[in-house]
Structure formats: C-alpha cells, structure tokens
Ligand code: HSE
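One chain comes next, on its own, written out as structure tokens in the form predicted alone.
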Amino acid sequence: MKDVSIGIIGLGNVGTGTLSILAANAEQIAQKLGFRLKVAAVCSRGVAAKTLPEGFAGVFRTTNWREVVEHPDVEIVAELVGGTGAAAEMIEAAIVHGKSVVTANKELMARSGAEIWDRAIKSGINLAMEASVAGGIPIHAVLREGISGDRIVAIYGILNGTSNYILTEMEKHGTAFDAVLAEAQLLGYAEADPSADVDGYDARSKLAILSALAFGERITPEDIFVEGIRRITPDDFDYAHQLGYTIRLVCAARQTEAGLVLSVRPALIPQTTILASVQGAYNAVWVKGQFGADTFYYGRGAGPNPTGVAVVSDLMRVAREIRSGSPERVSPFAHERLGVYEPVPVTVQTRPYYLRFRVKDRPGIIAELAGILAAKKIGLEAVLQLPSESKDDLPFVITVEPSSEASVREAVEQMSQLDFLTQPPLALPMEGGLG
C-alpha cells in the first residue's frame, strides 16, 4: 500500500520527539499499518540549524509553514507550535487544502476545537488531538471509544505536571513555594513565566477538552472556575497530614442536580486515595462511570517522548483512515454534536472545608472566628495549631462541617476584615468520594 506523507510544523520538544520516534520506530509502525509514514516536510524558525534523525536527510525544510501546508505530497499536517494565533491559521489553511490535521494544541482545541472539527468534517478530512491532554496517557481514546458505552458522572484529574512537581516537592522537603518554583524552572519543568501552570490556566484548558469528551457539552476555559497554588505553604501540608489528607491541584468535573460543575483548584484529598500517590511531573485521570464504576489512568503528562508517542499514534490512526477510506469518522470530541453548556457556579457545592489563618496572637481569636462561622450556619469541626515560635505570624487551622461554598466564601470575606490577621484566610475544599 502507498506510503502516507506527513508535514511537521514546529520542531520544539514535541516536534523533535515526534521525529525521533518516527525514525526509531519506523519498521514497527510499517508492520502495524501495512505501509510507511513518510516525513515529506518540516518547518521551524531555526530549521537550518536543526539536526534531524538519521533517514531524514533529504526532507524538505522551510521556515514558512505555508510551504508545508501547500506541499503537494503532504497528506497530514502535524501542528506542534501551540498557541491560538499562528497555529489557528495553520490548521485552517490545512483544512482548506484538504490536509488532515494532528495537533497537540490544548489551548486552541479547548477554545475552538468543536468549530475546527465542524470545518474538517465538511472538508472530508480528519482531526486528531490525543496529545493535547496528558501526553503520555491515551485519555482521549479512553473517553472517545474505550469506555464510550458508560455514562460518566465525574472526572478528577491531576493535569499539570509542573504544579504537581512543585506541590509534591513542598510536601516531601518542607520547602517554600518560591524556592521550589525556581528549582522547577532550572530543571525545565516550569517556564520563565510560570503563570499558565501555577495559576491553573494550563490545566483549565485540558479539563475543558476532557469535559467536552466525557459529557458532550461545548465547554470553553472561561466556563471553569480556576484557582492556582501560589498560596499553598509547607504549613498547609503539615496540617493536611494531621487530618489524613494531602494537597493537589485537582481538576474536577461532576454531574450534580444543578448541572455540570467544573473547577481547577488546590484541594485536600485523602492520603489513602490513589490520586494522592501521584508524585512529581506525572499526570493522572480518575473517571467515575455510572455503570463501569471507577477507572484510573496514570502516566507522564508532558515531555518529548510521551507526547511524541501520542502524536505518532494519532498520525497512524489518521493515516490508516486515509488509506482505508473510512466513510464515517469518530469525532475527536466523542459526540456527533456538542450541546450548549450552561455554566453552574461552584458555590452550589457542599463540602467540608479547610480554613488556614495566620494571625498576630491575642485572646479571643477563635471565639471571634467561630462567631462568624456560626452566623453563616457553618458548623466547626476541629481546630489545629502546631507548635510555632512566632506569635506575630501564627498559623492555625479550622476545619468545618460540610457547608455550601457560598456561605464559606461569605464567612471568609468577613473574616478578611479582622485586624489580627496577617493575611487573608486560605479556604480549600476537602474532597471525599475519591475511592
């Protein structure tokens, strides 16, 4: 059977990883497909200085992505640039020229993926995006096909390796956030501007994609409540451990009586759960089905090889479809059409909460805080205070019985005005139902 030719735009970590896998695994790929994947063109700004893997010496190189999209031999365009500007132009141009598209672009797919798929299907080409979420975990395939017969009721995930690395290093070594972030930047886990990772925006895009697959609704990142990890301290881990919990940046999508509730936020999760054992730069996704119950998926969320495997697997799937001429394509969003999502605020949820305070110590503090909680009909569960040398910046924790997030927020806002606080209270939900 005739080879399928591909063009790769972007030779950063993912692009170079993809090329390396295509070169090293060429024979096995050909055995699985019955034909070869041939790299016909590559594009990047510094392409002239790039050393390509053995076997790609004669590949067409260019700094102009349009030359890849318009190349007469290219049948599949791999967009591995990222972002929502030029990448959107590349994909649109590929569709116009009748080229199928493989992408690792979480941000663009979260914002515009459904519309891009509509244009792709009308043009008779395919769109694949497995590498856009949790690169080393085939979670798209799981939701799209593997457990598509189930009805998903909840998804919990750790979807940002940088944040998970920072949190688990803080937990293991008692090191402050800023110091661990600097270490993560030196190791290449975090960018010079880490806000997309530590403020939750990267994970938010990924959750938007997974939620669309799982629940069949058109979700954009702005539909999702997001809160980052900058305020988490080693003290919080000490207190969490006292309670039998740890802290992770949890991506959650839950079907409730009010509708689908979406959030990306740091939360306390029981140490006994499998999600709590996810360490370092790894990702994990916990899917709860109505009929199939719990399934769990774990692996590296980023890196040239894990993400490259996802890209190559997508290239193989699309190439197989091109050669077999399949008349029916499975939407990358797992549903023929996505419904209109009506955002549900996280404030409708009822959870126990962890409230951490830092205060200038004086008599009557607990009584004053308890009075505010009582006025909001929030029941106090426990008060914890570990030994501290400082009375001018004393940390302690109050946990409260299951309460609506709306009432907890009102209480925290009122508490923030108290003159004995050295900083506003930190409120984190305590997640149950994870196993």
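The first residue of the shown sequence is 1; numbering continues from there. Because the structure is a prediction, the values reported are computed rather than measured.
Form predicted together with this ligand: not shown, discussed below.
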If contact means a heavy atom within 4.5 Å, which one of 246-254, 209-217, 261-269, 157-165 is the stretch that engages this ligand in the predicted complex? 157-165
Among the candidate residues 75, 171, 236, 202, which is the single one with a non-hydrogen atom no more than 4.5 Å from this ligand in the predicted complex? 202
Single option in 99, 356, 140, 106 placed near this ligand in the predicted complex, where near means a heavy atom within 4.5 Å: 106
Find out whether any non-hydrogen atom of residue 302 is located within 4.5 angstroms of this ligand in the predicted complex, and reply yes or no. yes
Is there a heavy atom of residue 197 lying 4.5 Å or less from a heavy atom of this ligand in the predicted complex? yes
